[in-house]
Structures are given as structure tokens and as C-alpha cells.
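Heads up, the chain below is alone and in the form predicted on its own; it's given as C-alpha cells.
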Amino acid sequence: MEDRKQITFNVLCFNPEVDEKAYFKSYDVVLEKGITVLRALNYIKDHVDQTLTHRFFCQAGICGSCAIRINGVSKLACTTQVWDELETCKTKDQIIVEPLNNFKVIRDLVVDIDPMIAKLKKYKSWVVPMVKDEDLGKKECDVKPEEFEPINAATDCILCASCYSECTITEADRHYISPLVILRAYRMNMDTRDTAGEERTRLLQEDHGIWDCTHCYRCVEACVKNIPIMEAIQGVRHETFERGMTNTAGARHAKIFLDDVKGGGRLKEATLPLRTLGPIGMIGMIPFALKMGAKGRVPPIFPHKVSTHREVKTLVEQVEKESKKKD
């Protein structure tokens, strides 16, 4: 691959003051190898189209403000090499640039992050210390190395919103808490200086909360800091059980799932909705159940145990023991 070539940037543009809908605008620029997508956009802004609008600040992968979608994946423009993207682009020497998904577009590549900030505020995404406000700054409130280790990875989050953008549940439900906020809540709950863990966890397991995650792992794949976000989500879910907050459909579903697997190695799908939602909650499921029945997709009411049931049960018990050791 040459060290200098002409590259086309297809940028999704939108100005709400004059445009009815977003459209792609192409920019042909000659670039040298080693340039980042952000530097390319800055060049276009400075020399080709001064109306192009994008957001950036530190230009060093620290602030997270330049996150956009590049060739269909949310990334930091300042750390993404143009030449790397050329190896994966669908059309030769053409890079597609779009604003983050799951946000309202303000203009071009700039999105409105206020809904995300509102969620961070709702779920108290900061340490609530035991020290009174008037005493803050008078005494150090430190954390021991062994206490910091469980939250070490989570503290790398720079709130770039790449995981928020790629989350399939947030796309379907804009009220969903989002993986970013759950990760932040996990980090605060595990901080030994924090005192709001119980209140925060109670909020997390309400509607649109932690139990709506479907384990698609898109957040993990999109994280620019390689943070194990799913481990944080599972950690918060585990914490709800530790705190006795199990009177929710999500918590019941998780417990029933575990009991079924331990009991026979197979999920009892036919009665799962009833056991999870209860008789009243099941009413809303009747139309769906009828459609499934009409298509002949009716699971057995009393499924047989799998032949490897004992092995499955042993594995589950081993995982439970290991989990208790970590606690």
C-alpha cells in the first residue's frame, strides 16, 4: 500500500436548519500514511469545507469527545488510523464517517449527549463519601491498592459513548440505562469510599435497568479502552442478590433459569413466563403465546432431563463456589 494516496471520505451530514434529512457528502483528499481520521477531518474542515462540523478536544485518546462511527463501528477519531480503515472498508479507498448512533444529531457529526448525562445523574455516577461536605478537603480519603484492583479496569472509562452508540437495547429503548451507565455504577458501588451503593443498586434494577441487557456483547466489542463491560453488568446483577433485591422480573428470571439448569440441565420454557411475571403479568404475553402456538412453536411443559445433567449441575455448583470465593 502506498505511503500517499487520494482517499474519499463519505461523511453523513445534517443541518437541521436547512436539511429535511441526513445525506452523505463526499470529500476527496490526498493524505499521507500515518494520519488519523481526526486529522483528516480537520484537514477537510480547514481546506475543503468549513461548514463540516465535528467535535474534538484532547486529540490523544483521553477525553473521548471525538467518538464517531467509522466504517460502521463507533471509535475515537483521534486514535483511528486512516490506513488501518482502508484495509477493512467495503469500497476501495473510501471511508464512511457517521455520527454516533442512539443520539439525536445536532449537526453533522456532533450529537446531543444530554440524555446520557441525565442518566449518569439519575444513577448517581459518582462517589458519595462518608465525609460531610463541610469536611471535604480537610482529610484524605484514600483507597488501598487491593481495594482499587476490582475497579481498576472500570476507571479507564472516558465516557466516549462508543458502547452507548453500539448497544442494541438502547437503540430499541432510549430509556434503557445503557452499558456506559451500568459500568459507571459498578465502579462507584465497588469503591470502598462510597456510601450510596444500596440506593444506586435499587435504581439499577428498576424498569429499563440492568435486567434488560441481552448479552449481545456489542458494548465490549466497541469499547475503545477494552474494558470488560459485561463483567461489570454481571457484577451489578450479582450485587442485587447480595443485597436481597430479588423482587423484580429480571431477578426472578435469572434465579429460575439457574434453578432449571441445576434441576434438569434444561430450561422449562413453557412455564418460564408465568414463573417470572406471575399470573397478572402473563396477561400481556397471551397474544404472543397464541401466535407461537399457531406456528407450532410450543415448548414441552415437562421437558426431559438432559443426559449430561449431573455434569451440568456439577459445573454450575463449581461456578457458584468460585463466585463466593471472589466475594
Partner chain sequence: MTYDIVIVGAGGGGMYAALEAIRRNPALKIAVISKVYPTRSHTSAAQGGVNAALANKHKDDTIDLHIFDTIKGSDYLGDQDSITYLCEQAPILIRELENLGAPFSRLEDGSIAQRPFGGASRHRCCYCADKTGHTVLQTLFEQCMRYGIQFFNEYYLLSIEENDGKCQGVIALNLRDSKIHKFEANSVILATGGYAKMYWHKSSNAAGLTGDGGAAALRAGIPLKDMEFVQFHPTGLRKSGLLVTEGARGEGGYLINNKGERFMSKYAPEKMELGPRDLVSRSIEIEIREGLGFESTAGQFIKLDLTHLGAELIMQRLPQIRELCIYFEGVDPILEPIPVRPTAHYSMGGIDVNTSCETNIEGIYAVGEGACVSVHGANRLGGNSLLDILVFGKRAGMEVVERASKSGQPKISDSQVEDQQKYIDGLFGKTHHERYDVIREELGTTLGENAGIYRTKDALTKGVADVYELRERFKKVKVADHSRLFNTNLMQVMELGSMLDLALCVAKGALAREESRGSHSRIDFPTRDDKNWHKHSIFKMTAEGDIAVSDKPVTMGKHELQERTY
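Please read all numbers here as calculations on a predicted model, not as lab measurements. Positions refer to the first chain, counted from 1. So that the term is clear: the rigid core is the largest set of C-alpha atoms that superpose within 1.5 Å between two forms.
Below, we refer to the form predicted in complex with its partner chain, which is not included among the displayed structures.
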Heavy atom of M245 within 4.5 Å of its partner chain in the predicted bound form: no
V30, heavy atom within 4.5 angstroms of its partner chain in the predicted bound form: no
Partner proximity in the predicted bound form: E85 to its partner chain, non-hydrogen atom cutoff 4.5 Å: no
4.5 Å heavy atom contact, Q50 and its partner chain in the predicted bound form: yes
The unique member of H253, K225, H175, H238 whose heavy atoms fall within 4.5 Å of its partner chain in the predicted bound form: K225
Q205, N189, N101, S125 - the one with a heavy atom within 4.5 Å of its partner chain in the predicted bound form: S125
Segment assignment from 205-213, 229-237, 245-253, 76-84: heavy atom within 4.5 Å of its partner chain in the predicted bound form: 76-84
Contact test, all of C13, N71 and V97, partner its partner chain in the predicted bound form, heavy atom 4.5 Å: no
Interface residues of 126-158 toward its partner chain, as seen in the predicted bound form [heavy atoms, 4.5 Å]: W126, V127, V128, P129, V131, D133, D135, L136, G137, K138, K139, E140, C141, D142, V143, K144, P145, F148, I151, N152, T155, D156, C157, I158
M245 C-alpha relocation of at least 2 Å between the shown form and the other one, rigid core basis: no
Flag for D142, CA shift 2 Å or larger between the shown form and the other one after aligning core: yes
